[in-house]
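Read the single chain below, which is given as structure tokens and is the form predicted alone.
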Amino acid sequence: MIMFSIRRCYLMEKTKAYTYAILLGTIPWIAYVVISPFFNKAEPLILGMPPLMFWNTLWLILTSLCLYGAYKFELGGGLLE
């Protein structure tokens, strides 16, 4: 009984999990395609890098976190079994 209630709390509704996973998967795309042209400048240097290179390096790390979160939402929603 306790195991069932813990599992039920952990599992999300499938449509909600799918929606959150899609949103998390879309955020890096928006960062790379829509926002990155605004950072295409030579200066100021951020950590010794031009702004676009810093932006791409930052989102390389954040994309991994977003996709990990999307995977966890799909796993919690029972979409991956």
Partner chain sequence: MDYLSSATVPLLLVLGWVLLSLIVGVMAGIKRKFTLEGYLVSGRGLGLIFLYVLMAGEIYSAYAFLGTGGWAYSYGMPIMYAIGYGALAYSFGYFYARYVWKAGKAFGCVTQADYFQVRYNSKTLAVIVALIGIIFNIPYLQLQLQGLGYIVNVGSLGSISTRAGIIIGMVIMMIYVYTSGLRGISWTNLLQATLMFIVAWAVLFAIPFKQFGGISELFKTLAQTKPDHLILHPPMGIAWYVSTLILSGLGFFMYPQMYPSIYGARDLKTLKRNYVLLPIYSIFMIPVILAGFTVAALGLKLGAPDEAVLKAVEITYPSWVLGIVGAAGFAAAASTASAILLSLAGLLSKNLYTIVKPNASDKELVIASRASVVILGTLAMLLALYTPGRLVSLLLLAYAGMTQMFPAAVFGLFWKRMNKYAAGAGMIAGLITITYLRLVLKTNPLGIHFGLWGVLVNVIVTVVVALVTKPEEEIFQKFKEAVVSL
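Remember, predicted model here, so these are calculated numbers, not experimental data. Residue numbers count along the first chain shown, from 1.
Beyond what is shown, the protein has a form predicted in complex with the partner chain; the following relates to that form.
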Fill in: Contact label in the predicted complex: Pro37 to the partner chain, heavy atom within 4.5 Å
yes
Discussion item. Is it the case that Gly48, even though its partner is missing from this view, gets within 4.5 Å of the partner chain in the predicted complex, heavy atoms only?
Written reply: yes
Worksheet entry | Partner contacts for 48-76, taking the partner chain in the predicted complex and a 4.5 Å heavy atom cut-off | Gly48, Met49, Pro50, Leu52, Met53, Asn56, Thr57, Leu60, Ile61, Thr63, Ser64, Leu67, Tyr68, Ala70, Tyr71, Glu74, Leu75
